[in-house]
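In the block that follows, a single chain appears as structure tokens, in the form predicted on its own.
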């Protein structure tokens, strides 16, 4: 990675984006962070605002953007069901029109561009663990389709720009990631459980809690992003990035109660529509091509995340 490279991060004030911006700025890049603050927050990038190599621009990627950069990380899109189902049409537009606009920018600039795709492209998988050559099992008209199909279409666009225009692309498929700066009202399981435990409220487990997820700490994921972007042009992905450790939702709930020292109990509610039963990445490709694998144990990552939410709840008096 050469110094003074100018890098655009869309969705840069979000959970993942802000960690990526920090890492890139620390590496000596000039970072242009673009975010429309739908789920991103200025506080996430506040420590960067005074730095000479960081710039923030409030912008919605569904509108064209005219800037000069060397690389683009396209992270813009709400990623939790609560947020992406709030305005499903806008969610699809962000994934699809946002991808078209960023690919058009990359084509004009001859810039390298990475798409932050998702394990949701696999839907409720019939293959376990999920490898990149699995085409998925997705309901195209369900409540989650605005996100799942939006991200699948974005991947289509990336590969068509690669084939049709010779664009230098990278596609990362992100599995569940957690860590500091997750949105308080994210609605996702790690943040939900931690906040409920810290408040002494019951932890809400959907179904019996036997459905599984893999949990990757944010620093590990960002390392994967940078290694993928810096890899040779012959490797474009898609590439799974996630932690292959598989935990049931019930195990996670029990671990968080234990680590917070909470007196919270566990309550069970009906499963949401199209909620995947099992989710675990096969990261053989990332290990082979990028020399990448997550290194942060769940207990250690949860401790940092719990400390963050403890501070946030004190700030908001919650």
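Residue numbers count along the first chain shown, from 1. None of these values were measured; they are calculated from a predicted model.
Missing here is the form predicted together with uridine-5'-diphosphate; even so, the following discussion is about that form.
**Q** Should residue 272 be counted as a contact of uridine-5'-diphosphate in the predicted complex, where contact means heavy atoms within 4.5 Å?
**A** Output for residue 272 is yes: heavy atoms within 4.5 Å of uridine-5'-diphosphate.
**Q** Is residue 244 close enough to uridine-5'-diphosphate in the predicted complex to count, meaning some heavy atom within 4.5 Å?
**A** No - in the predicted complex, heavy atoms of residue 244 and uridine-5'-diphosphate never come within 4.5 Å of each other.
**Q** Quick one: is residue 152 in contact with uridine-5'-diphosphate in the predicted complex, heavy atoms, 4.5 Å cut-off?
**A** Residue 152: no contact with uridine-5'-diphosphate in the predicted complex.
**Q** In the predicted complex, does residue 188 have a heavy atom within 4.5 Å of uridine-5'-diphosphate?
**A** Close contact exists here: in the predicted complex, residue 188 approaches uridine-5'-diphosphate to within 4.5 Å, heavy atoms only.
**Q** Only one of 198-206, 105-113, 134-142, 161-169 has heavy atoms within 4.5 Å of uridine-5'-diphosphate in the predicted complex; I'd like to know which.
**A** Going by heavy atoms within 4.5 Å, the stretch is 198-206.
**Q** Run the contact test on 192, 211 and 249 with a 4.5 Å heavy atom cut-off to uridine-5'-diphosphate in the predicted complex and return yes or no.
**A** The answer is yes; 192, 211 and 249 each reach uridine-5'-diphosphate.
**Q** What is the one choice in 176, 101, 92, 231 with a heavy atom within 4.5 Å of uridine-5'-diphosphate in the predicted complex?
**A** Looking at 176, 101, 92, 231 one by one, just 176 meets the 4.5 Å heavy-atom criterion.
**Q** Could you work out which of 129, 180, 238, 81 is the residue within 4.5 angstroms of uridine-5'-diphosphate in the predicted complex, going by heavy atoms?
**A** Selected residue: 81.
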